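This text opens with one protein chain seen in two forms, each one given by itself as structure tokens under the names structure 1 and structure 2.
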Structure 1
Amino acid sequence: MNGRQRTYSIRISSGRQKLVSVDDFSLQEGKITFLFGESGIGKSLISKAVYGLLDPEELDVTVNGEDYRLFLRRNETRAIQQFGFFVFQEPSTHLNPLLRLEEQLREGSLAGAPSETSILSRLWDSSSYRGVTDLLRVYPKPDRPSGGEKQRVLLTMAFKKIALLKDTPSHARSALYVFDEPSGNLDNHFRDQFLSILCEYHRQFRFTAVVITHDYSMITSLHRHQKDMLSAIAFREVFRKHQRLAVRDFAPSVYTQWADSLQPAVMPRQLSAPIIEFESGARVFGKTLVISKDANGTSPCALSIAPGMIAALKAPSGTGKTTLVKMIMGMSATARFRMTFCGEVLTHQMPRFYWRKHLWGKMMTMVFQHADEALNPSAAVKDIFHGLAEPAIRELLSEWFPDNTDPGFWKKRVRYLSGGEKQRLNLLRSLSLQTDLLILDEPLNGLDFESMTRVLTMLRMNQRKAQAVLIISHNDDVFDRLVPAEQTYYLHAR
């Protein structure tokens, strides 16, 4: 049975800079709250404030009008920290580089929790625990284990902590479990594994949890695989309202009906010569990248996209999708490849300045998965658009940034934007260039629902103007509907 509702008014600032101001952040005890909203809007800061993780020496914080130091002394806050768990978006924040992973899985209170074997085997999708034991002997380093492996270890620790609720006192039920972007480094299969374990544990222990995410496709996964849990789940969305944050209920049907209504992109009636043909068999980092139109890779073929076509490239995380598109962009110095682009043969031997002088931003452009890779942090917002007249820039910015119509925003430096604002700017610039080829690497990452719809609308407009588009995305909800099956390619590393 669900308990009381906890409501928080939170103010967070650093010096003169206001970071968060929200009046109506609420959690229903005994429910899992999925908290949506664009990247960098403040979801993590709000959750850290409630959990008691912010440092009152570094930030000025009040919760419900109370100084944060007093809030941290409250019994409820202490219970959250003692019995709860916070899975950080960046797992390295939590993992100790001086302890093996196996030691950290059994450290402190986790020593009394049930064995982690079954959780690990499900998160690694392995029928044998032995495949994970070598990894557990590793001391965490920046490059090893991988981000996805670290994240799964941290999720395992959280589930072990939840399992302790079986033998803890009743006031431990006020604990809070926070999962900050838990699927950020996971593909759809392992995302669903995480959701399955989360729901399975909630059926047993009825704990209070927050799942922070901008992955709206979780809604579809829950409706498809965890229908019996929907009454125990609240979907909420953080958004900006008059330079402040607000939180509203998000009706799952808004997303599911929108996704169901998506139609495949209409392909040109008469196919022209391909804009690009990238040959299968490229070599990089000692691997051969095989491209095929069948998921098993039995019939290698070139990646071919004609004007006005939208194609998708699929593969499990870590296979080399981003590496391949960086070859197309002439950004991978260690690779060996061959492609035909706009009738010209290009290989790894072509000097990089050729791409820079003749192709980048003129004939091909790429939206990187992380906007910081593409945007100059010192540039003003209006200055990242090349070749567009100022009235056109203003019109685009007012449409894509409706809460920032003040001219001061146009002069704002990129480094001061939130993650979601940078991604919107990154997409808007690339979409507005209308080059022959547009490559999108996880284009919906970090966006709120309204921004996702704008991206797809502009993408269809560009496609109708004969732009060739290549998409890499784990969001099968959207792009399996948008991209025709005959234009879906699979990548295999051998």
Structure 2
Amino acid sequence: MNGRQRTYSIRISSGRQKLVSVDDFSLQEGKITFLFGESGIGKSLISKAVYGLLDPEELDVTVNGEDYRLFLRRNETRAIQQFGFFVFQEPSTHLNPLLRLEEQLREGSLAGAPSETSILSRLWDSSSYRGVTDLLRVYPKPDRPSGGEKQRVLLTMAFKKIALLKDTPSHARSALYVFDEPSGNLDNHFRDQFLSILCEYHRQFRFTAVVITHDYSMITSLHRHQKDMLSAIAFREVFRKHQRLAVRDFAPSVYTQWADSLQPAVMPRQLSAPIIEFESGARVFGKTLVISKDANGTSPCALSIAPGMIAALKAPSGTGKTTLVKMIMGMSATARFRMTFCGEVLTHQMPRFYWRKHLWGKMMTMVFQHADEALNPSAAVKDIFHGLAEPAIRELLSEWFPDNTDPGFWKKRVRYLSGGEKQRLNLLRSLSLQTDLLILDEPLNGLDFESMTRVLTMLRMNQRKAQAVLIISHNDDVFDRLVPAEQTYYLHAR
């Protein structure tokens, strides 16, 4: 049943800067390859090179030692493009702003595919499908539809293209379907829907596909809901080895066993008074933010975290989770709130000076969600840890960047780091501060498996030192196991 294995040796550089150098990137025909690895390591670039999407005028590219211009002319490459589909990570770049979404769903070869209604209704909440038909009549603009909606439209287009295999099953092996971070803008429910549709089509057509992701929790979802498909799936991981990229098999059991081994974080000091109590009912932008311990928000309560405790804050995207933690940090200028922190009552009326002098970096700190924006791009790696002694910084870096043997890394500008490296620095900066309260906004975003384990180990260590931790994360697979149910808070905006 298994098809042949396509192996690629890829070199990509821009001027003097080497972007990708990988020797052993292989794809099993007729299988879905899940390609993991930290953000920005080069997964997308490798896949684009194989799919024939790179511009040889802009980049110096060779594939299997062959000039990219020649590679693009090969029949194999043409077949990949002609019968396949590439779902881009950033959906806005893929959609034509001059065509309505419904027109794009039926454009070119997609016109011959079965209707998209069933796919759309599964990728959207079917109860609001009427809204989807309205949405399909719009021209895509940068801010409308939302990133998640655009992503769902693109996934629908990809599935329609796959459905064409019904008439031409022989193309299943030669074509390539690439899904670049397909769940980047979707919540866990719709991520599972995507995986479900993908697997259904694969059972029918046995096509070759690549799913690029740094969301390792997809493994759990596949194990839970698509067990019969595991033999048709290859899990691979891109990693850096001596300044070069390499691809290795990733045993899913490594992740599942690790995830299963996660235990709820137990409070070391059961009787400690809460370090923070943030009252429900804070107001911002005309909305009231209600905190509760039940998912429906029927019984509001204060968000309370004791020393050595890990709590989680959950809510659908856009509810205001980040806004709420910014209030806790005293960084939301327009909010109205009240909380008790270390026995002191703090409100929105406290002067900024107070937070700066007594709290920020001393008693509380926060890891911002997007490492790209949370670090000064012009700063060098060593500058991120301003105030720490050089030996301490070197020790932290050697621990968190064990594969990085580049002596110049110390002085490397942040803008030249991969997304995963930035996220590690972003976390490390705050984790090393030993504050009473640590707030983490999507801490596992963009990390590879090893870094994820390292983050959780450090969290445990900090917990033992009585640090209180508040986590916002869509990675329920990890944090539902780590955070006790009674320490999970739900946020509702009313």
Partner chain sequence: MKRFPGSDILWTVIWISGLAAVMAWDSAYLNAPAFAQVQEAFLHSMIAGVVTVVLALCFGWIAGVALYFFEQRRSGWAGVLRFKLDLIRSMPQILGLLTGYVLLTFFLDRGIIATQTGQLLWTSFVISIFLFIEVADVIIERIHHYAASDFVPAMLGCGIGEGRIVNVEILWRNCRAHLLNKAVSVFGMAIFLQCSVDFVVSVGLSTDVNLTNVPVTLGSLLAKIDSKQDVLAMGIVFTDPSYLPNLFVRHLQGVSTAFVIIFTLLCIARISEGIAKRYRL
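These figures come from a predicted structure and were not determined experimentally. Please note that residue numbering is based on structure 1, beginning with 1 at the start of its sequence. Think of the rigid core as the biggest set of C-alphas that the two forms share within 1.5 Å after superposition.
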Given the two isolated forms of this chain, which one is the form predicted together with its partner chain?
2
Large Cα move at Met157 between structures 1 and 2, threshold 2 Å, rigid core:
no
Quick check: Cys342 between structures 1 and 2 - does its CA shift reach 2 Å or more after fitting the rigid core?
yes
Relative to the superposed rigid core, does Arg244 relocate between structures 1 and 2 - that is, does its Cα move 2 Å or more?
no
How many Å does the Cα of Lys326 travel between structures 1 and 2 when the structures are matched on their rigid core?
2.4
